[in-house]
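One chain comes next, on its own, written as structure tokens: the form predicted on its own.
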């Protein structure tokens, strides 16, 4: 049982258990010993559902990564391919099956499509002449994966790109399907609000699917009061900004993937006195990051400037606890001390890890380069000189800084200025192509298509009005003891979270004018609860809102929503769901049109 998934108002462990049950049932269909051949992208998401021990219990003896050629030799009866429905993967599977057939092996082949079966993929396997080799062709519905007690992600890496560049609504269909499955477990969500084109599509699909299954409604008292669907393109600014929470900075600098981070090993080596440094580990230190770890749950959402104080406070508490052994005199007291020892040792090693991580981050956040970059970001957010070529960006291009850094800043300037003057736009474009190569013209076109970088079409810039009305900038944000969500960016309140906050109180009618300035429609739908089901609220009981970010969410936005959940007077608890956890770098990368290996 994953305790960190069930601590909140909504027990997300139920979702995980359903996913585990489906997996066990499929594995048991393939009787005998098994080897799983993984589409590499799926191993991380599956790790959040089932550990290797569960697979072993169901006779999985070997695991391989899907690669061309033949499957590595394994003395097993069944070979199961776990893959996303992608045509290029079907060609590799066909190659694998052919090379097995040549060996006249008597193995049984099975294929499990995640998250849906695909007629096109089956057609490709048929064309390749291997479809008949499969005994089981099935689908494993992995829509919303529980990450933490208040966080779900579909880990659908191309959702934003598909919706805004390729006009492909597959991810929206999966989202609607995922929400229908969620309602089957947690009850119908009575109220749906949304902002944006994609949000409108998802709500329509949900309502249609619900009508189709009208007869099979579960008599479950609803756990969620409200669903808020938000398009990422309603707030393009937030992911471009550098996140300043502890978790956000870990993600910005090292990247968090499926709840794990890989860190430089030298900081974590246990050096003994007089020991030669040549034995330092070379493998990155891999750490799991979630609320199962007490200290991490406490500090992850803090502004990084408040982390040092929290760590030193924790260090004092832990050393006082260890000192307690001197006061243990009686057998009973000693026994009690010993029983607490494992917990204390775990706390001490957790403290050591986070102190090392904080030191690594501090080396970067105290650098001049970091400060200069942040200063320019904050100037753009506050509307300072957004309409002319920025000298800092010019310098960065001249010094050939990483292209993604340049693109994040230029896009940010464009978003805060409702597009760039044609002269400024052409200048940036020319400088970027001359410095980084003309092949990046495709990327610039993609950014333009996604409205991240565009020439100004009207002289009217709505951003200052939006900033003022929604109080998106607070001059003296309190980083140590925050009283507003703007602490997550040291002054900037994420627009997406401000919309969520206003929806709860006083409601969107109060900001009707601003909503019209943001892209896409805003709407409200009600879903009928099954007859006889009415949620009676206890005195002082919080309402629960599921906020779904279509196209991705950042850790800083998650921190801001957690902050709202913890506010005494908010009367609201938030569960966050998204198509993908992202940051500015991974987001821009997903819109680039060059092989990843060439992106600096």
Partner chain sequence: MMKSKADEEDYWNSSKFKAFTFDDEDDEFSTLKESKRTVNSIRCLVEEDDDKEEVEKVSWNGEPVSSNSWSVSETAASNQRAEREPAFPKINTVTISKSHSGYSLSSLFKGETDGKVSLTGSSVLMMSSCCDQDYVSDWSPEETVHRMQQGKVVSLEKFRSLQDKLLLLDSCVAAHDGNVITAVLIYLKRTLSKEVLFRELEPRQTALSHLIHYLTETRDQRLLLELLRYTCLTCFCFQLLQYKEHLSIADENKRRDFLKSCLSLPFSPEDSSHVQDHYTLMERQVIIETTDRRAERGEKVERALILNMPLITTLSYCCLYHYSESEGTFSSPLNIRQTFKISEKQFFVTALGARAKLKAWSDVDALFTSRNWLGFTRKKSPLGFQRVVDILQKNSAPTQVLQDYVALVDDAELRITLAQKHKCHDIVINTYRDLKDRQQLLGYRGKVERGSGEERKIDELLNNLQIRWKN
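Residue numbers count along the first chain shown, from 1. All figures in this text were calculated on a predicted structure; none of them were measured in a lab.
Omitted from view is the form predicted together with its partner chain, to which the following refers.
With a 4.5 Å cutoff on heavy atoms, residue 133 counts as touching its partner chain in the model of the complex. Taking the partner from elsewhere, residue 106 is found to have a heavy atom lying within 4.5 Å of its partner chain in the model of the complex. Contact annotation: residue 466 falls outside 4.5 Å of its partner chain in the model of the complex, judged by heavy atom distances. In the model of the complex, residue 119 approaches its partner chain with a heavy atom inside 4.5 Å. Checked against its partner chain in the model of the complex, the residues 177, 348, 285, 84 give one hit for a heavy atom within 4.5 Å, which is 177. Interface residue among 530, 72, 264, 402, judged by heavy atoms within 4.5 Å of its partner chain in the model of the complex: 72. In short, of 570 to 578, 541 to 549, 557 to 565, 43 to 51 it is 43 to 51 that has heavy atoms within 4.5 Å of its partner chain in the model of the complex.
Shown here without its partner, the chain carries 114, 234 and 366, none of which come within 4.5 Å of its partner chain in the model of the complex through any heavy atom. Residues of 391 to 418 that come within 4.5 Å of its partner chain in the model of the complex, judged by any heavy atom, are 394, 395, 397, 398, 399, 400 in sequence order.
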